[in-house]
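Below, in structure tokens: the form predicted alone, a single chain.
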């Protein structure tokens, strides 16, 4: 017999689906909401409603934004000929905090996993190739230094073959197995400034 009320268990199950959240943490979230009262629950509900109703995918770079194109893609102060390719939208947030990059972005929405052969149909690779063919001068690969990152770079390199666009990658300031999302600003700034040309 489950001693939790059904509504409590349902919310625990919802929180457990979030990355990095286990059963104990999910239960703590729910208990916090119950003890905090209606005001906290109302704020959470309102925020989730606004997230669902206001946030959309940018039609150009595929990040999440409240309008499309997003502010970066729409800005006339950004260099549209330099495209920094990232795996997820949160990587853009990390790179923008550095304040050292003036180009635009392209979000793949994931990386190629060679261990599970999930394919590439779900990734925004064909859209990247189209942008590169539309006049881009440099493609910067800003992936985590992992097997998935390396496999993705190699695959995209083949798709870009023949296009007159420079391809670079973040410098080795990022440790092997590290994460763009969690790297400190000094490390990311150095990795961007010292990016390396990819040999064709």
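Numbering follows the first chain given and starts at 1. Predicted model only: the values in this text are computed from it and were never measured.
Although it is not shown, the form predicted together with a further copy of the same chain is what the next lines describe.
With the partner omitted here, the residue from 154, 159, 47, 68 that has a non-hydrogen atom within 4.5 angstroms of a further copy of the same chain in the predicted complex is 47. This chain appears without its partner; in the predicted complex, the one residue of 34, 147, 133, 171 with a heavy atom within 4.5 Å of a further copy of the same chain is 34.
Of the heavy atoms in residue 109, some are within 4.5 Å of a further copy of the same chain in the predicted complex. a further copy of the same chain is not drawn, but in the predicted complex it has a heavy atom within 4.5 Å of residue 78. Taking non-hydrogen atoms only, residue 127 never approaches a further copy of the same chain to within 4.5 angstroms in the predicted complex. Although the partner is absent here, residue 85 lies well away from a further copy of the same chain in the predicted complex, with no heavy atom inside 4.5 Å. Along 34-55, these residues reach a heavy atom to within 4.5 Å of a further copy of the same chain in the predicted complex: 34, 35, 38, 40, 41, 42, 43, 44, 45, 47, 48, 49, 50, 51, 52, 54, 55.
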